[in-house]
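Below you'll find only one chain, the form predicted on its own, shown as structure tokens.
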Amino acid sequence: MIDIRISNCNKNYGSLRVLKDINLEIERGEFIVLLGPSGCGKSTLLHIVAGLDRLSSGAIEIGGRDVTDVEPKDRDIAMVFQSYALYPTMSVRSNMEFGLRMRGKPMAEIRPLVEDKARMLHIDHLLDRRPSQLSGGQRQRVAIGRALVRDPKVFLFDEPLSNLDAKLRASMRTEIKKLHQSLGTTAIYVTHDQLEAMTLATRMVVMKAGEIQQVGKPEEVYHRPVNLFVADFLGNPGMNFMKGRLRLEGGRVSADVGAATIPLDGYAFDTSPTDGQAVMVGLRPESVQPSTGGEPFALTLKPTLIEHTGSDNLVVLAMGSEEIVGKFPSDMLPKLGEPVAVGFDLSRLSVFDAQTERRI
């Protein structure tokens, strides 16, 4: 069942088009992550769903009801902000109770509800403290708890973890994922952090310059990006790109990349390839590893730089006039300048038209 429908959504600020013909359907219980660089329009889209900003044209439906012109308080949504937005003079308990009190809910119902959600978020021992007495992670839990007690149709998260340090962010990510699995409420989550998007999303929506580039499950978007932007934006380090030209010969397709010829026999083309077509061949670093001797394609390359990350080594390899990055196991450390046999996992290859930048 479709819980949120965004139809032909446009947002302009004067002559500046911030959102361009956005269409998106979100099923009940999905955890949708809007991902993209700063300024791509993801937060604007979230604010429009929340009713905090108005559409220039288009429509928003929540639960089958047109809410395009409905006030935020009447949309049955709850929002968690990056800045926590807690009342500093109120206790944690009062912060969590406030929205329900404003809606006229009896205190006899509010108190057990707040205590139940506080226990769920492991902040029940903090109910009598004020926000200034809490850590960043605890404040964010309170902000999430305040949204939870509302029992809304939709949760909206606007970069809620960006103010936390890396370790705390990882911990909160896990908590939010567990929370969604337990509640099953529809959620839209905005972030520019790829790891958050990959770990939290049931589906990702990758945006650029006010337009949706790709919608899909995290593994699908990561392994089968529809264009060069998505391929380059996802992954740390990013995908390797090699300029080349397709060769069609004897019913077989290959790509000439510098002095190397990469066979594309197993590649599933989305469009028909043409002989001599200029392409960008993409392969992620984890698909470039020390050769075991059994790969269908391997090259001997010279390492020019090694970065130790603990669990593995990122090795920069000279490939003609270009460089590519491989991911080597931590116990396999090549020597700089000494040739090493490198295997390529061609099952994870992506090929893009050099002119349109679309996957082919």
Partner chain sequence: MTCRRRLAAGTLPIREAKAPIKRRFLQRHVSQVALSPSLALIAIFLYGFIAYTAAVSTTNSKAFPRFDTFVGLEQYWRLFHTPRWHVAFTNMFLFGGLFLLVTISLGLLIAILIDQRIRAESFFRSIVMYPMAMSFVVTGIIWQWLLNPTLGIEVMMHQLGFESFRLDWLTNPDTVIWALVVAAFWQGCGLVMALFLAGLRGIDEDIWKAAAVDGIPAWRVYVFIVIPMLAPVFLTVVVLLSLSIVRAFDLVVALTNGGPGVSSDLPSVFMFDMAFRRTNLGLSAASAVVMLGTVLAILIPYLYVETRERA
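Numbering follows the first chain given and starts at 1. Since the structure is predicted, the reported quantities are computational estimates derived from the model, not experimental observations.
One more form of this protein, predicted together with its partner chain, exists but is not displayed; see below.
Asks: Out of the stretches listed (216-224, 197-205, 100-108, 242-250), which one is close to its partner chain in the predicted complex, meaning heavy atoms within 4.5 Å?
Replies: Only one stretch passes the 4.5 Å heavy-atom test: 100-108.
Asks: Honest question, do P290, A318 and F328 all end up within 4.5 Å of its partner chain in the predicted complex by heavy atom distance?
Replies: Verified in the predicted complex; spot residues all out of contact, no.
Asks: Quick one: is P237 in contact with its partner chain in the predicted complex, heavy atoms, 4.5 Å cut-off?
Replies: No, no contact at 4.5 Å.
Asks: Do K178 and its partner chain come within 4.5 Å of each other in the predicted complex, heavy atoms counted?
Replies: The answer is no: K178 has no heavy atom within 4.5 Å of its partner chain.
Asks: Residue-level contact is defined here as any heavy atom of the residue lying within 4.5 Å of its partner chain in the predicted complex; does L52 satisfy this criterion?
Replies: L52 belongs to the contact set for its partner chain.
Asks: Looking in the predicted complex, any heavy atom of R141 within 4.5 Å of its partner chain?
Replies: Outside the cut-off, so no.
Asks: Which residue among A209, L183, M90, A170 has a heavy atom within 4.5 angstroms of its partner chain in the predicted complex?
Replies: If I apply the 4.5 Å criterion carefully, the residue I get is M90.
Asks: Of the options A187, A118, V190, L86, which one has a non-hydrogen atom that comes within 4.5 Å of its partner chain in the predicted complex?
Replies: It is L86.
Asks: For the stretch 57-77, which residues lie within 4.5 Å of its partner chain in the predicted complex by non-hydrogen atom distance?
Replies: The stretch touches the partner through P72, K73, I77.
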